[in-house]
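Shown below, as structure tokens, is a lone chain in the form predicted on its own; questions about how it binds or moves come after it.
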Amino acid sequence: MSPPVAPQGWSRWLVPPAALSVHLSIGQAYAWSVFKPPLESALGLTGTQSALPFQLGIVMLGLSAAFGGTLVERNGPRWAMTVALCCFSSGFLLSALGAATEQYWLIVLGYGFVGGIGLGIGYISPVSTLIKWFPDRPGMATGIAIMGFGGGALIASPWSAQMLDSFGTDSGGIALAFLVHGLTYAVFMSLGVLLVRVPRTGPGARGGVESAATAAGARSTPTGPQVSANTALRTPQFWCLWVVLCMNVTAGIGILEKAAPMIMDFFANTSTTVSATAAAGFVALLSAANMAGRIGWSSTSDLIGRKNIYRVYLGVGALMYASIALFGDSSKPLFILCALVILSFYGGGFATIPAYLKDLFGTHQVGAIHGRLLTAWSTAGVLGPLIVNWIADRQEEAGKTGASLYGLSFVIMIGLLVVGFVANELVRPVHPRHHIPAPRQEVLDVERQQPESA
């Protein structure tokens, strides 16, 4: 499948909706916590066990993005979106079979392994293309698309909760809900497959489509310092950003994966208890904050710089966690507000990282570099839920209830955010020895074009 080249007159503003159709679908992963209580009840699982499909899905997301990043760069966004559609939808169908037969390993395999591959390939599928279409506003461009991943649960959370209410929370009802998810997302993601285009290259790009991309600065040849994906792995900047992303994601995903049961537990011993329906609404609110942070904070990074915005994510995020740990159980609005801020930083961190990579390594292989960096997400996808669920299970075994189930987890999250803050401070421009030398032919081309532009 060859990359679909934009025809004359194609508007670059048609590309973000294509990306959104994929990211809104795979963003359902953030609504997994809605399925946790029914699965635990129907199949007799613990909180740690019911987190396995989500954890494996995030692991596979990072691994498939890392190993598939070069393939996505080579084959183009349509190929990647098609692979994502097949894997993500098939994962739901396998999960439906697992729920119907009460074979939990099939749910882990389907949603976690197969669906996780769809998550990874789908997540990176539009990133490089968007940066090429919007070289003048890379933070905004990637934020528009990646906000869909954060906002997917805004749709999926109440939708899934309504399906479970209608179909039932036994294994049969869960299976039917999985089946509907798989078929619906296959149709919705196909819109992105059909709509996505890559910018025209060469002399033919100077016409129609020029108003969309070329006039904004998009060129067939990357400009500025460029670093290859393999070379980027050997730079300290890559690994500093890896730590930054891992710490920020761990802190956010620790709340997100267990959001529904967490808010119910937090206020279980108070006069203002939280129902399952209200907890699903809380998940939807977190998704809205996640989505808003992706476009809002990433666009802000175009104004104040990537390093400064990550100082906000990590520094203020640690203060928000401290506020929840100290005062969260005494005030429901404070708990919700702090959680929303943390999730907005979580989403903003994802949306800003491609532009941060572009600033440091150029656009030459930014998609492949981004894919390799997402292994940090894989690590965080295990760490965050493991820290929160394992500690909560141990505290519950010790006879503790309510907010005390999570106190230690939040202290750990504060420490991780501080580590990420330090790593961000260590980021410096990439040394010129890592840059790709400009070919002599490109230099001659530039010299030939200079009289034309004078």
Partner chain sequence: MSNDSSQSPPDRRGLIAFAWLWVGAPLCYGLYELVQKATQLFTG
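Numbering follows the first chain given and starts at 1. For clarity, every value in this text was computed on a predicted model and none was experimentally measured. Note that the rigid core is defined as the largest set of C-alphas that superpose within 1.5 Å between two forms.
Although not depicted, the form predicted in complex with the partner chain is the subject of the following passage.
The partner chain isn't shown here, but in the model of the complex, which of 307-315, 105-113, 363-371, 283-291 has heavy atoms within 4.5 Å of it?
Careful reading of the contacts points to 283-291.
Just to confirm, I436 within 4.5 Å of the partner chain in the model of the complex by heavy atoms?
Result no; I436 lies far from the partner chain in the model of the complex.
Applying a 4.5 Å heavy atom distance criterion, does F327 contact the partner chain in the model of the complex?
Close contact is absent here: in the model of the complex, F327 is far from the partner chain, nothing within 4.5 Å, heavy atoms only.
With heavy atoms only and a cut-off of 4.5 Å, decide whether Q162 touches the partner chain in the model of the complex.
So Q162 counts as contacting the partner chain.
Against the partner chain in the model of the complex, would I155 count as a contact residue? Criterion: heavy atoms within 4.5 Å.
Output for I155 is yes: heavy atoms within 4.5 Å of the partner chain.
Is the partner chain in the model of the complex close enough to W13, L24 and A278 that every residue in that trio has a heavy atom within 4.5 angstroms of it?
Answer is yes for this spot.
Name the single residue among L233, A268, L319, L191 that comes within 4.5 Å of the partner chain in the model of the complex, judging by heavy atoms.
Flagged contact: L191.
Only one of L334, C86, A100, V187 has a non-hydrogen atom within 4.5 angstroms of the partner chain in the model of the complex; which is it?
Answer to the contact question: V187.
Any residue of 92-119 that, in the model of the complex, places a heavy atom within 4.5 Å of the partner chain
The stretch does not touch the partner at all.
How about G420 - superposed on the rigid core, does its CA move between this form and the one not shown by 2 Å or more?
No: G420 shifts by under 2 Å between this form and the one not shown.
Does superposing the core leave F149 with a CA shift of 2 Å or more between this form and the one not shown?
Comparing the forms between this form and the one not shown, which are aligned on their rigid core, F149 does shift its C-alpha by 2 Å or more.
Quick one: once the rigid core is lined up, does L164 have its C-alpha move by 2 Å or more between this form and the one not shown?
Yes, shifts by 2 Å or more.
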